[in-house]
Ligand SMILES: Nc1ncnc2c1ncn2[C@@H]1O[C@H](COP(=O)(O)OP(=O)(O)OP(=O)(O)O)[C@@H](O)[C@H]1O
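Presented below, as structure tokens, is a lone chain in the form predicted on its own.
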């Protein structure tokens, strides 16, 4: 079937954007944007949740069912689309930014850095990409971003989509997708470092960005599911009761206030400690302090989370809104899908 957007793009110069597909541990999130003159429009977005676990940690344990969910999500939310952009989770990719002298060859610098990390016998098992960043923190240096992913991981994710009947046009890395949706919504934040925190079901991802690019990443194995599990253990309650508590409601055996003080606040403090560590590490490396933190992910919707993290970090915090550019709010869990949906035909940036 002919895609009218592609034909229009030929005559107008507008980009033909792919469908962004975020494969998470609790569900598949899908997003489609459309470029309109100097801005973007939201064509559609949504989520299809899993009935049971298809991914445990970073391991896909039910390939067939997960592929089926991808197919269901795309065909339900953005029907008739076959070209997609997807991502490799932060936990499964390597990313760093290094500085070099302007007189040095960026390719040589990037290769030398990778060779110092990956053994010679393993280098052929990894896809490595590097890119000189358009803006460097130090005017006397150049900054080079390096991304690496194992080939077998890429093949598995491509196979998931192809088995569902879709063609993967771009595979991004998760921190880049999170970063790109942020600067779509906050182009005014280019000149100062910001911290983006995505609290998912299994992991919390931390990305510190500067000049429109991710500079420092951190992945921690604490997600909103940890809170649910701890509530279940502490009060001997069901999964559903724990979820009810987590999002601010009392249940028969315990009040939210008591659960918050005894369980939830302690886990949130661990997340805050990791955020502070990332910010301090960035400051040590690049001599810039980070004052603003934006929260994303389904876990960011928990009651009192924002105020508690403000207290623990002593930073300015706010809930990130992936579609605020279009006036659509309260969909913070779609940040990665939104960032992926900015990828377009001919776009090679951050493509693995």
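What you see is a predicted model; the values in this text were computed from it and never measured. Numbering follows the first chain given and starts at 1.
As for the form predicted together with this ligand, it is not shown, yet the points below apply to it.
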> Hey, in the model of the complex, is residue 201 touching this ligand, heavy atoms inside 4.5 Å?
Replying inline: yes
>> When the contact criterion is heavy atoms within 4.5 Å, does residue 225 count as touching this ligand in the model of the complex?
In response: yes
> Within a 4.5 Å heavy atom cut-off, is residue 69 in contact with this ligand in the model of the complex?
Replying inline: no
> Is there a heavy atom of residue 298 lying 4.5 Å or less from a heavy atom of this ligand in the model of the complex?
Replying inline: yes
>> So if I measure heavy atom distances to this ligand in the model of the complex, which of the stretches 141-149, 240-248, 122-130, 108-116 falls within 4.5 Å?
In response: 240-248
> Which residues, if any, of 23-39 lie within 4.5 Å of this ligand in the model of the complex when only heavy atoms count?
Replying inline: 24, 25, 26, 27, 29
